[in-house]
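Coming up is one lone chain in C-alpha coordinates, specifically the form predicted alone.
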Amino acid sequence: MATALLTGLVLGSIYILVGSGINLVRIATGAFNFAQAAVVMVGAFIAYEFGVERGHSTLIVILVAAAVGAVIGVVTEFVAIRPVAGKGLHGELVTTVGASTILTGLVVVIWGTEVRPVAPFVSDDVVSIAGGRVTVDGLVIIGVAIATCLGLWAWSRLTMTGLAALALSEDRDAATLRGVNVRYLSILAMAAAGAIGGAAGPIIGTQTLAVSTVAAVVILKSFLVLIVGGMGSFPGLLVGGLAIGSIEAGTVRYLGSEYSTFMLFALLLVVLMVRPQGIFGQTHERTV
(Lines give C-alpha, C1' and ligand atoms only; values in the text may rest on other atoms or scores of the structure.)
Protein backbone atom coordinates (compact mmCIF):
# COMPACT_ATOMS: atom_id res chain seq x y z
CA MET A 1 0.00 0.00 0.00
CA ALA A 2 2.70 2.49 0.96
CA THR A 3 4.70 1.77 -2.19
CA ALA A 4 1.62 2.30 -4.36
CA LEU A 5 0.96 5.61 -2.61
CA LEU A 6 4.53 6.80 -3.13
CA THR A 7 4.40 5.73 -6.77
CA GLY A 8 1.17 7.68 -7.12
CA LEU A 9 2.72 10.79 -5.62
CA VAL A 10 5.58 10.56 -8.12
CA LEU A 11 3.14 10.14 -11.01
CA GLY A 12 1.03 13.02 -9.77
CA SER A 13 4.12 15.19 -9.44
CA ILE A 14 4.97 14.56 -13.10
CA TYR A 15 1.49 15.75 -14.07
CA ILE A 16 1.90 18.78 -11.78
CA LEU A 17 5.17 19.81 -13.42
CA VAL A 18 3.61 19.62 -16.88
CA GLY A 19 0.41 21.28 -15.67
CA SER A 20 2.33 24.14 -14.07
CA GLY A 21 3.46 25.39 -17.47
CA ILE A 22 -0.03 24.95 -18.90
CA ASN A 23 -1.56 26.90 -16.00
CA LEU A 24 1.02 29.66 -16.32
CA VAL A 25 0.19 30.19 -19.99
CA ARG A 26 -3.53 29.88 -19.28
CA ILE A 27 -3.37 32.64 -16.65
CA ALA A 28 -1.22 35.02 -18.69
CA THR A 29 -2.76 34.54 -22.14
CA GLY A 30 -6.05 32.69 -21.70
CA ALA A 31 -4.74 30.03 -24.09
CA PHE A 32 -4.39 26.27 -23.66
CA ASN A 33 -0.93 25.07 -24.64
CA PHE A 34 -1.05 21.43 -25.72
CA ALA A 35 2.64 21.56 -26.66
CA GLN A 36 3.85 21.80 -23.04
CA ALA A 37 4.35 18.05 -22.60
CA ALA A 38 6.32 17.94 -25.85
CA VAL A 39 8.71 20.53 -24.41
CA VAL A 40 9.22 18.26 -21.39
CA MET A 41 9.90 15.38 -23.79
CA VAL A 42 12.54 17.47 -25.59
CA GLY A 43 14.10 18.24 -22.20
CA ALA A 44 14.38 14.52 -21.48
CA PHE A 45 16.15 13.90 -24.80
CA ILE A 46 18.51 16.79 -24.11
CA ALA A 47 19.28 15.08 -20.80
CA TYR A 48 20.16 11.94 -22.76
CA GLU A 49 22.25 13.81 -25.32
CA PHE A 50 24.18 16.08 -22.96
CA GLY A 51 24.12 14.01 -19.80
CA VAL A 52 24.57 10.45 -21.08
CA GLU A 53 26.21 10.83 -24.47
CA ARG A 54 28.43 13.85 -23.76
CA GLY A 55 28.85 13.43 -20.02
CA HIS A 56 28.06 17.00 -18.97
CA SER A 57 27.12 17.83 -15.38
CA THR A 58 23.53 17.97 -14.17
CA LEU A 59 23.69 21.76 -13.93
CA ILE A 60 24.74 22.11 -17.57
CA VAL A 61 22.01 19.71 -18.66
CA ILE A 62 19.33 21.67 -16.77
CA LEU A 63 20.54 25.02 -18.14
CA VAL A 64 20.65 23.78 -21.74
CA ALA A 65 17.23 22.12 -21.42
CA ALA A 66 15.70 25.26 -19.87
CA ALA A 67 17.19 27.49 -22.58
CA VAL A 68 15.94 25.24 -25.39
CA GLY A 69 12.53 25.04 -23.71
CA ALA A 70 12.32 28.84 -23.46
CA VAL A 71 13.16 29.23 -27.17
CA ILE A 72 10.52 26.63 -28.08
CA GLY A 73 8.01 28.47 -25.90
CA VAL A 74 8.65 31.82 -27.62
CA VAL A 75 8.50 30.29 -31.10
CA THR A 76 5.24 28.53 -30.18
CA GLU A 77 3.80 31.83 -28.99
CA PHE A 78 4.57 33.52 -32.32
CA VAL A 79 3.47 30.73 -34.67
CA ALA A 80 0.75 28.85 -32.75
CA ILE A 81 -0.86 31.19 -30.21
CA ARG A 82 -0.55 34.83 -31.38
CA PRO A 83 -2.20 34.28 -34.80
CA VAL A 84 -5.38 32.93 -33.14
CA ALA A 85 -5.32 34.93 -29.88
CA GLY A 86 -8.49 36.85 -29.09
CA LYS A 87 -10.45 35.31 -31.98
CA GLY A 88 -12.53 32.99 -29.81
CA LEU A 89 -13.20 29.25 -30.11
CA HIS A 90 -9.78 28.47 -28.62
CA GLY A 91 -8.07 27.91 -31.96
CA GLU A 92 -4.80 27.35 -30.09
CA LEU A 93 -6.11 23.91 -29.13
CA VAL A 94 -5.49 22.95 -32.76
CA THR A 95 -2.36 25.00 -33.43
CA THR A 96 -0.51 23.89 -30.29
CA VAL A 97 -1.38 20.26 -31.01
CA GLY A 98 0.29 20.89 -34.35
CA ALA A 99 3.32 22.35 -32.58
CA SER A 100 3.47 19.27 -30.34
CA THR A 101 3.31 17.00 -33.39
CA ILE A 102 6.15 18.90 -35.06
CA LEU A 103 8.31 18.64 -31.92
CA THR A 104 7.63 14.92 -31.69
CA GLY A 105 8.57 14.51 -35.35
CA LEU A 106 11.83 16.40 -34.84
CA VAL A 107 12.69 14.21 -31.87
CA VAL A 108 12.07 11.07 -33.94
CA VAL A 109 14.24 12.42 -36.79
CA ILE A 110 17.11 13.35 -34.46
CA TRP A 111 17.04 10.53 -31.89
CA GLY A 112 14.78 7.89 -33.41
CA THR A 113 11.98 5.95 -31.75
CA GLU A 114 14.14 3.92 -29.38
CA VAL A 115 13.90 4.47 -25.64
CA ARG A 116 16.96 6.42 -24.47
CA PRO A 117 18.36 6.36 -20.92
CA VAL A 118 18.50 9.44 -18.71
CA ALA A 119 21.19 9.76 -16.06
CA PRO A 120 20.01 9.92 -12.42
CA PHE A 121 19.26 13.47 -11.35
CA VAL A 122 20.45 12.92 -7.77
CA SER A 123 20.47 9.16 -7.23
CA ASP A 124 18.54 6.13 -8.43
CA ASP A 125 18.98 4.42 -5.05
CA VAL A 126 15.79 3.06 -3.52
CA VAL A 127 14.84 4.22 -0.02
CA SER A 128 12.16 2.99 2.36
CA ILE A 129 9.55 5.41 3.76
CA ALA A 130 6.72 4.25 6.04
CA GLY A 131 7.08 0.73 4.69
CA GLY A 132 7.02 1.85 1.06
CA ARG A 133 9.85 2.00 -1.45
CA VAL A 134 10.72 4.87 -3.77
CA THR A 135 13.84 6.14 -5.52
CA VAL A 136 15.66 9.24 -4.35
CA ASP A 137 14.93 10.84 -7.73
CA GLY A 138 11.25 10.07 -7.19
CA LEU A 139 11.34 12.06 -3.96
CA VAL A 140 13.14 14.87 -5.78
CA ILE A 141 10.34 15.01 -8.36
CA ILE A 142 7.74 15.31 -5.58
CA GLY A 143 9.69 18.11 -3.91
CA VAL A 144 10.33 20.00 -7.16
CA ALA A 145 6.67 19.73 -8.20
CA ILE A 146 5.41 21.10 -4.88
CA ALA A 147 8.00 23.91 -4.87
CA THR A 148 7.22 24.86 -8.49
CA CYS A 149 3.48 24.90 -7.90
CA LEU A 150 3.71 26.96 -4.72
CA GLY A 151 6.26 29.31 -6.29
CA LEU A 152 4.01 30.02 -9.28
CA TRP A 153 1.01 30.50 -6.99
CA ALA A 154 3.00 33.08 -4.99
CA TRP A 155 4.05 34.79 -8.23
CA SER A 156 0.46 35.02 -9.44
CA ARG A 157 -0.76 36.51 -6.15
CA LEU A 158 2.10 38.58 -4.78
CA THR A 159 3.83 40.21 -7.76
CA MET A 160 2.69 42.98 -10.09
CA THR A 161 3.40 40.85 -13.15
CA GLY A 162 1.41 37.97 -11.70
CA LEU A 163 -1.54 40.21 -10.82
CA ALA A 164 -1.43 41.71 -14.30
CA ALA A 165 -1.55 38.19 -15.73
CA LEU A 166 -4.59 37.38 -13.59
CA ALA A 167 -6.28 40.55 -14.80
CA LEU A 168 -5.50 39.57 -18.38
CA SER A 169 -7.02 36.12 -17.93
CA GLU A 170 -10.17 37.68 -16.48
CA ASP A 171 -10.74 40.33 -19.18
CA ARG A 172 -8.17 40.78 -21.96
CA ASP A 173 -9.68 44.00 -23.32
CA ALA A 174 -10.06 45.65 -19.91
CA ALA A 175 -6.50 44.70 -18.95
CA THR A 176 -5.22 46.23 -22.18
CA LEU A 177 -7.12 49.46 -21.49
CA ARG A 178 -5.55 49.56 -18.03
CA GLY A 179 -2.09 49.56 -19.56
CA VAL A 180 -1.19 45.87 -19.36
CA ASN A 181 1.24 44.93 -22.14
CA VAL A 182 -0.56 41.87 -23.48
CA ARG A 183 2.11 40.84 -25.99
CA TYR A 184 4.92 41.19 -23.46
CA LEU A 185 3.09 39.06 -20.90
CA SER A 186 2.27 36.43 -23.50
CA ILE A 187 5.90 36.11 -24.62
CA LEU A 188 7.13 36.13 -21.01
CA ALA A 189 4.65 33.43 -19.98
CA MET A 190 5.47 31.17 -22.93
CA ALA A 191 9.22 31.57 -22.38
CA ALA A 192 8.86 30.85 -18.64
CA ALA A 193 6.57 27.87 -19.25
CA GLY A 194 9.00 26.53 -21.86
CA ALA A 195 11.94 26.94 -19.48
CA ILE A 196 10.02 25.15 -16.72
CA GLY A 197 9.09 22.33 -19.08
CA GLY A 198 12.58 22.01 -20.49
CA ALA A 199 14.20 21.99 -17.04
CA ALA A 200 11.63 19.46 -15.82
CA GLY A 201 12.51 17.08 -18.66
CA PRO A 202 15.79 15.78 -17.18
CA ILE A 203 14.08 15.27 -13.81
CA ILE A 204 10.96 13.59 -15.16
CA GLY A 205 13.09 11.57 -17.58
CA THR A 206 14.61 9.68 -14.64
CA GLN A 207 11.20 8.01 -14.28
CA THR A 208 9.86 7.92 -17.85
CA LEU A 209 13.17 7.72 -19.75
CA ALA A 210 13.50 9.64 -23.02
CA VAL A 211 10.87 8.28 -25.40
CA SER A 212 9.02 10.03 -28.23
CA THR A 213 5.56 8.81 -27.14
CA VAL A 214 5.64 10.19 -23.60
CA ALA A 215 4.18 13.60 -24.51
CA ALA A 216 0.92 12.16 -25.85
CA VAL A 217 0.36 10.17 -22.66
CA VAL A 218 1.35 12.82 -20.14
CA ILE A 219 -0.54 15.73 -21.72
CA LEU A 220 -3.90 13.99 -21.37
CA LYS A 221 -3.35 13.15 -17.70
CA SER A 222 -2.09 16.68 -17.03
CA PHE A 223 -5.21 18.24 -18.54
CA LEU A 224 -7.32 15.83 -16.52
CA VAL A 225 -5.56 17.07 -13.38
CA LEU A 226 -6.17 20.69 -14.37
CA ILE A 227 -9.86 20.10 -15.00
CA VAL A 228 -10.34 18.27 -11.71
CA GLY A 229 -8.35 20.81 -9.69
CA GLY A 230 -9.68 23.86 -11.51
CA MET A 231 -8.16 25.60 -14.53
CA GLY A 232 -5.87 28.45 -13.50
CA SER A 233 -5.65 27.33 -9.86
CA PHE A 234 -2.21 26.30 -8.63
CA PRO A 235 -3.55 24.90 -5.31
CA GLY A 236 -6.05 22.93 -7.38
CA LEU A 237 -3.25 21.69 -9.63
CA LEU A 238 -1.26 20.54 -6.60
CA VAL A 239 -4.13 18.73 -4.88
CA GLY A 240 -5.55 17.36 -8.14
CA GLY A 241 -2.18 16.08 -9.32
CA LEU A 242 -1.36 14.23 -6.12
CA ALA A 243 -4.90 12.81 -5.95
CA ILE A 244 -5.00 11.70 -9.60
CA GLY A 245 -1.56 10.11 -9.35
CA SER A 246 -2.49 8.23 -6.18
CA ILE A 247 -5.76 6.97 -7.66
CA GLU A 248 -4.01 5.85 -10.84
CA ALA A 249 -1.26 3.98 -8.98
CA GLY A 250 -3.72 2.43 -6.53
CA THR A 251 -5.98 1.26 -9.34
CA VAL A 252 -3.09 -0.32 -11.23
CA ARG A 253 -1.86 -2.00 -8.03
CA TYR A 254 -5.15 -3.49 -6.87
CA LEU A 255 -7.41 -3.72 -9.95
CA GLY A 256 -5.00 -3.82 -12.88
CA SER A 257 -3.75 -1.33 -15.44
CA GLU A 258 -6.77 -1.88 -17.69
CA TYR A 259 -8.99 -0.15 -15.11
CA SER A 260 -6.85 2.95 -14.49
CA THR A 261 -8.21 5.04 -17.37
CA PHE A 262 -11.78 4.11 -16.46
CA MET A 263 -11.30 5.17 -12.85
CA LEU A 264 -9.69 8.49 -13.78
CA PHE A 265 -12.40 9.48 -16.22
CA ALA A 266 -15.10 8.29 -13.81
CA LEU A 267 -13.61 10.73 -11.29
CA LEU A 268 -13.60 13.44 -13.96
CA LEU A 269 -17.28 12.79 -14.68
CA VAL A 270 -18.19 13.05 -11.00
CA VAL A 271 -16.28 16.31 -10.60
CA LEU A 272 -17.87 17.82 -13.70
CA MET A 273 -21.33 16.86 -12.44
CA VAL A 274 -20.82 18.15 -8.90
CA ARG A 275 -18.47 21.09 -9.48
CA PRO A 276 -17.95 21.84 -13.21
CA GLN A 277 -15.33 24.54 -12.57
CA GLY A 278 -13.12 22.06 -10.68
CA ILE A 279 -12.46 21.60 -6.99
CA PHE A 280 -10.58 24.89 -6.57
CA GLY A 281 -11.94 26.65 -9.65
CA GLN A 282 -13.99 29.81 -9.40
CA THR A 283 -17.01 31.01 -11.29
CA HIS A 284 -17.26 34.68 -12.17
CA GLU A 285 -20.72 36.19 -12.28
CA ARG A 286 -21.25 39.25 -14.43
CA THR A 287 -24.02 41.79 -14.40
CA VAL A 288 -25.19 42.61 -17.92
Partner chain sequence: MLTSACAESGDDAGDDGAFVVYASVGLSGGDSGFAPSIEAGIEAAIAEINENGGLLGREVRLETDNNESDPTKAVSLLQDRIRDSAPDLVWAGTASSESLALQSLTTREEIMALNNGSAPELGDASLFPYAFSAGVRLQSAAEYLATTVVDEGYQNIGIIAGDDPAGEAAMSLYEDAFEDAGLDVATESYEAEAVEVDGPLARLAESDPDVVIFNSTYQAEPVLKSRIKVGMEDVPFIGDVSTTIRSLDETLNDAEKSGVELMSYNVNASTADSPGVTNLLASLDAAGETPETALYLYALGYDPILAYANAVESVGSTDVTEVRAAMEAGEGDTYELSLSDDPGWSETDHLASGEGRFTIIPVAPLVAGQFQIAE
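Because the structure is a prediction, the values reported are computed rather than measured. Residue numbers count along the first chain shown, from 1.
We do not show the form predicted in complex with the partner chain, though everything after this point is about it.
Contact with the partner chain in the predicted bound form, defined as any heavy atom within 4.5 Å, is confined among 27 to 35, 233 to 241, 217 to 225, 56 to 64 to 217 to 225. Out of the listed residues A167, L209, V122, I129, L209 is the one that sits within 4.5 Å of the partner chain in the predicted bound form by at least one heavy atom. Using a 4.5 angstroms limit between non-hydrogen atoms, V252 touches the partner chain in the predicted bound form.
Interface membership of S260, defined by any non-hydrogen atom within 4.5 Å of the partner chain in the predicted bound form, is confirmed.
Though the partner is left out of this view, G151 does not reach within 4.5 Å of the partner chain in the predicted bound form, counting heavy atoms only. Although the partner is absent here, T213 sits close enough that one of its heavy atoms falls within 4.5 Å of the partner chain in the predicted bound form. Scanning 1 to 21 for heavy atoms within 4.5 Å of the partner chain in the predicted bound form gives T3, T7, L11 in sequence order.
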